[in-house]
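As a starting point, one isolated chain is supplied in structure tokens, in the form predicted on its own.
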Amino acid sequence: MKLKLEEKFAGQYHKNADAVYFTPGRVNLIGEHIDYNGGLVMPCAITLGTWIAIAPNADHKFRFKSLNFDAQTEVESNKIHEKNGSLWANYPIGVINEFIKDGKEITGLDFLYYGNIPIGSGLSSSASIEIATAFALNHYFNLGYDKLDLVKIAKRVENDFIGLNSGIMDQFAVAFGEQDKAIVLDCESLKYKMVDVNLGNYVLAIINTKKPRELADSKYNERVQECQTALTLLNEEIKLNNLCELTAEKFALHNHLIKDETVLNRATHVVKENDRVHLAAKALNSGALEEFGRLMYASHQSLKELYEVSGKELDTVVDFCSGYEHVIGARMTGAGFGGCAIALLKKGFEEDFAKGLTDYYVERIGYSAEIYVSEIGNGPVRL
């Protein structure tokens, strides 16, 4: 891909690229909808991602082009604090704006992006673009930021510049990812540890339902409020900062305070899902892949029945996986209401799985899903 991007850069800008960088996307293996409840998540970087080629210019302008989109954006250096042009370009514009606000001197640059992460699929294409830009600028100009600095900068871009009230997991996962390792991240303290993911005879299959996630934002905010309601009620008897301070056993002693069945279901998912992350880390550390797969199925069932953030498309994928003998675990990943599911698939059965799932999905949904096979990859790198 590096050579292709360099060739395209020369064709677009009539000069050679000075540097090329790659940053991955991510999937969350387990631990869904608990990041805003102070819990543990277990994401990993994948080998799909974002490539950037850059070169300086003498025009004091920032030019953004992409092989994925026709729209091009050009911004004067003194207007980098404003949103401009096509939506995707606002992610790198926001990153540059943060660096300049922080007193860093960044001259004019020409950018060419390419990504093979399906847009809007829940694999963090936006976080990948943000971290890719931040990593490239930090390295190219030797700005002295560490990885956590870049993660926090990218989160500010997402929250303040773009205006999306998301957590820190996506940016953290793509920045800190390591090959064949998952990250167990405490979303409250940002403490983390790496867990070996030895998939052995299995690969990570990513299934894009191609269902638009138009409900995700409104339902996401609704779930946040329901969890806050549960926390307020529980605090009548015990002092908690967040729901994930509770074990399932302790929650059972106090859940009588929550009279509303829907709110009780939300809190039950959160507490038990947090426990599942602990159990999943133990399973991976001991090489118990089938136990990890069981926890994946249990996570999906909870997200479907208690948290109600799945949907027909995601459930259809997981239903097929549960009946396919060469898959040992599957679940939705991301916010839900569409997007992607993941599965642990035995090597050598990729084509058979793709054909079987496609037929099953088309018969029930009316159109085909997209199926990718990915390894667990590294974080950002200069190529």
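Not measured: the values here are computed from a predicted model. When you see a residue number, it is the position in the sequence shown, counting from 1.
The same protein also has a form predicted together with a small molecule, omitted here; what follows describes it.
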{"query": "One stretch from 27-35, 310-318, 54-62, 348-356 that, in the model of the complex, holds residues within 4.5 Å of the small molecule by heavy atom", "finding": "27-35"}
{"query": "Partner contact for Ser166 in the model of the complex: the small molecule, 4.5 angstroms, heavy atom", "finding": "yes"}
{"query": "Touches the small molecule in the model of the complex: Ile328 (any heavy atom, 4.5 Å)", "finding": "no"}
{"query": "Proximity of Tyr114 to the small molecule in the model of the complex, heavy atoms at 4.5 Å", "finding": "no"}
{"query": "Contact flag, Phe161 vs the small molecule in the model of the complex, heavy atom cut 4.5 Å", "finding": "no"}
{"query": "Sole residue of Tyr202, Phe99, Tyr220, Tyr297 within 4.5 Å of the small molecule in the model of the complex, by heavy atom", "finding": "Tyr220"}
